[in-house]
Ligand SMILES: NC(=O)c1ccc[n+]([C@@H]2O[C@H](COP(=O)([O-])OP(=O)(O)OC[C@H]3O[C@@H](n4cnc5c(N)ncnc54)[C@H](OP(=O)(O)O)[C@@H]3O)[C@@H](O)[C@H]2O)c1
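Below sits a lone chain in structure tokens, taken as the form predicted alone.
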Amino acid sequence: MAVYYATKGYVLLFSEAIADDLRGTGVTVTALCPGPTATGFPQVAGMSHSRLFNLLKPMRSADVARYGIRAMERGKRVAIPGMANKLLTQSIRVSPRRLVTTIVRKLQESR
């Protein structure tokens, strides 16, 4: 999971940098950051019994896709669907890194 999350961080920062490079060209880049989503991912990743997918109610994939398309059409650089996901992403900015990694690890564990 460490590589998975590090890659997500890289893709987000890379997307924001490309979006800035393309500013004024008419081309936009949107990074969709949905949080837990009801797909086959938890089963394939062996996470179907994790707290992440059981404590939090995953969003429906169709709702996430619609949100992402609307954000892309508006030219938003980062699209985070769902109020809980938005609050979580903001809390990460002000929380100590060690606390964040501990909480994420706990969410990955089985109930």
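Start at 1 with the first residue shown and count on from there. Since the model is a prediction, treat every value here as computed from it, not as a measurement.
Although not depicted, the form predicted together with this ligand is the subject of the following passage.
Visitor: So, a 4.5 angstroms cut-off on heavy atom distances: do all three of Lys8, Pro34 and Thr39 pass it with respect to this ligand in the predicted bound form?
Guide: So, yes: the whole triplet contacts this ligand.
Visitor: Just one of Val27, Val44, Ala62, Met83 has a heavy atom within 4.5 angstroms of this ligand in the predicted bound form, so which one?
Guide: Only one listed residue qualifies here, and that residue is Val44.
Visitor: Since the partner is left out here, which residues of 53 to 83 would have a heavy atom within 4.5 Å of this ligand in the predicted bound form?
Guide: Only Phe53 sits within 4.5 Å of the partner.
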